[in-house]
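One chain follows as structure tokens, the form predicted alone.
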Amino acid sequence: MDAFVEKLVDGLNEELECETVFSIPLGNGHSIPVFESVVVTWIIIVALIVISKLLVRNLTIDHVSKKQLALESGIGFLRNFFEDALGEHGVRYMPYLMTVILYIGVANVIGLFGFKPPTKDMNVTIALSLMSIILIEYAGIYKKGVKGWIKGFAQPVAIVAPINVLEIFIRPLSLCMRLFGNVLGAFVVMELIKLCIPVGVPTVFSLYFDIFDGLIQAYVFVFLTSLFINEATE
């Protein structure tokens, strides 16, 4: 058992280690390291741009192709989802949330193509969470004004103001650890399955964690962000 725990810890460290692909020299012996998660993110950005360009080519009003129907159905589904979750005053933030769900979804399943998912780097999940919480607080300020936003911390009664202020820091931490913790949990579960049933079954569960669970995490992240925006703009 000790050998298995040691192997599990070593494998987890290797799985979460973010390697430096190259460094950008700044002079005087200093440089900026560019990590694997950043390079893979660039690859995802380029891939999404290319795919988007291909999908929106030759769009028509008459004689709509199956490709266009599928694209319009997907966009319509996302719009309906975010309109319900964001509420009337949060629709203006829909493009950002659509971008985030596409990025996280692709980032979580890109391991199937031999790349290490960027979401295995806590720096990435922290950045995504901070971006979301900044947007959430901005939405509240935009809707209520600075004075109304500050007064909102004292609702429903002034005594809960410290708790409401603390939520500003708790929310990004929650979003970050939920997304990052999923990686840890999936790895540990997969190692336990391999220990108990080394043949056949691990492949099925690997597909589950790489595809279904990864997409679910993308959904949960943007769904919670949408709810927080709705709450901030009420």
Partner chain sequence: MLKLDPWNIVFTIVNLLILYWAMKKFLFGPVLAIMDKRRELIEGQLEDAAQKEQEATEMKAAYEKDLRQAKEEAKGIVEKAHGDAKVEYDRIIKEADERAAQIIVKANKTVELEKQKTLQEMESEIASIALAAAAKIMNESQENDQTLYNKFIKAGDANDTAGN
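None of these values were measured; they are calculated from a predicted model. Residue numbers count along the first chain shown, from 1.
What comes next is about the form predicted together with the partner chain, which does not appear here.
J.: Residues in which of 69-77, 138-146, 108-116, 156-164 have heavy atoms within 4.5 Å of the partner chain in the model of the complex?
T.: Looking at the other structure, the answer is 69-77.
J.: Counting only non-hydrogen atoms and a 4.5 angstroms cut-off, does residue 150 reach the partner chain in the model of the complex?
T.: No, no contact at 4.5 Å.
J.: Verify the contact flag for residue 42: yes if a non-hydrogen atom of it lies within 4.5 Å of a non-hydrogen atom of the partner chain in the model of the complex, no if not.
T.: Contact with the partner chain, yes.
J.: Flag residue 193 as yes or no: does it have a non-hydrogen atom within 4.5 angstroms of any non-hydrogen atom of the partner chain in the model of the complex?
T.: Flag for residue 193 set to no.
J.: Although the partner isn't part of this model, could you tell me whether residue 207 comes within 4.5 Å of the partner chain in the model of the complex, counting any heavy atom of the residue?
T.: Heavy-atom contact with the partner chain at 4.5 Å: absent for residue 207.
J.: Given a 4.5 Å distance limit between heavy atoms, list every residue of 36-53 close to the partner chain in the model of the complex, or none if there are none.
T.: Residues within 4.5 Å: 38, 41, 42, 45, 48, 49, 52, 53.
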